[in-house]
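Only one chain is included here, represented as structure tokens and corresponding to the form predicted alone.
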Amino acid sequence: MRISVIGCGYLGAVHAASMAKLGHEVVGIDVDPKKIDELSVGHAPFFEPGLPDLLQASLDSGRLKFSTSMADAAGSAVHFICVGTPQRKGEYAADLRYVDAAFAGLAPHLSAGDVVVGKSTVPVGTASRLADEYMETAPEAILAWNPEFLREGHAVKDTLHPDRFVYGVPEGAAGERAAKALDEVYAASLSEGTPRLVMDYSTAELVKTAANSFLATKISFINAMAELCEAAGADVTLLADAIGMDDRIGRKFLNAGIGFGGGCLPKDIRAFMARAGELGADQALTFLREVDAINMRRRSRTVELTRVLCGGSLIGKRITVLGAAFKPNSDDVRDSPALSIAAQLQLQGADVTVTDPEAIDNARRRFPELHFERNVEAALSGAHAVLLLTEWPEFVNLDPKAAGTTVADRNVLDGRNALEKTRWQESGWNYKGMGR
């Protein structure tokens, strides 16, 4: 099939390269000339394992190209909208200006029977509104909603081998046409037995926001238990292991730590609350305010634990922060708990050095006042406390004996409960975990 992908950021670039890998003829379109130039020569503008090879292979096949002109979308049978929906400045609500602009810009280039597929995470009701607008500007096109469920660090696998497909389509023949088109797009994955659920627009939109809200709630729940464990003298990691054996609960996302961040969960749960309020159902999601509050409280708690490790004062203390990205296998620093904690420590008088294998350039642009060091040994030199805040394998697997010869004081705060506690203690470190 001929496919266009509108928006070549994190979601769009991965989707475009993956669709070409599946054998489709794909054009990726974005308004940023620099991004298009990079993608056109096989350079991914962000770090994602497996994407550079996939991107280059798709370009070499001749099935993938990139453009800044929306006119190049003409002639495609299916058009995917993959633009961002950031949090609106000063509000909880999602900023839909990029979604609206993409749909409006695409409309003049659509032909009868074209299927326009929204993949962006949007407030419930957005698809119905856009479908009504298309009745005026592109009445012969069909709108569908096909939410994405990508995990940063696993995006290529999640696109090529997803755990489910969700199709939000209109009723009647138009909906059947849209579902058939998406079946053709995803034929390879469907042949592997991937489940496929067809539903109305609103339910499809809610699937994504509800899933993210559930995951955020699960993370904040175990972090709330970590607070209680610290007060009671219990160990949250053993607690999580025990309750996670109940298959109704499960062990995934029950790792206590410094909280969640990134470009999805924080802004998505806030937009979900805002939209519920607009619909008059705000009481249904009041619990998400506490989920958000628990998550943000983990950052200040980490600062306080660091102060205790440093003997009661941060002033003049050298702190090494291991990790800048919000999660490993990513260079994404949007709403990164690690960077937020590093900045708070510096504001309270500490001398902070941050190291990360992939995210330093992005982190420096966001927090230029912090000191960054690419070499881990140099970053550890003279530290009074070491904080593991992003669980990159190279940090988790550090040799505590070797690291102990570099630092000034052997104090370590395991912000992700990822280090081998006994190993570090036996190497002479004052170890502190979260909720342990």
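Quick caveat: nothing in here was measured; it's all calculated off a predicted structure. Don't overthink the numbering: it's just position in the shown sequence, from 1.
Same protein, other form: the form predicted in complex with a small molecule, not shown, and the subject of what follows.
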{"property": "Selected contact from E152, E358, E205, D114, since only one has a non-hydrogen atom within 4.5 angstroms of the small molecule in the predicted complex", "result": "E152"}
{"property": "Option touching the small molecule, based on a heavy atom within 4.5 Å in the predicted complex, out of L265, L314, A178, L106", "result": "L265"}
{"property": "Proximity of R301 to the small molecule in the predicted complex, heavy atoms at 4.5 Å", "result": "no"}
{"property": "Non-hydrogen atom contact F253 with the small molecule in the predicted complex at 4.5 angstroms", "result": "yes"}
{"property": "The small molecule contact at N212 in the predicted complex, heavy atom, 4.5 Å", "result": "yes"}
{"property": "The small molecule contact at G259 in the predicted complex, heavy atom, 4.5 Å", "result": "yes"}
{"property": "Location of the small molecule contact in the predicted complex, chosen stretch of 144 to 152, 189 to 197, 168 to 176, 340 to 348 [non-hydrogen atom, 4.5 Å]", "result": "144 to 152"}
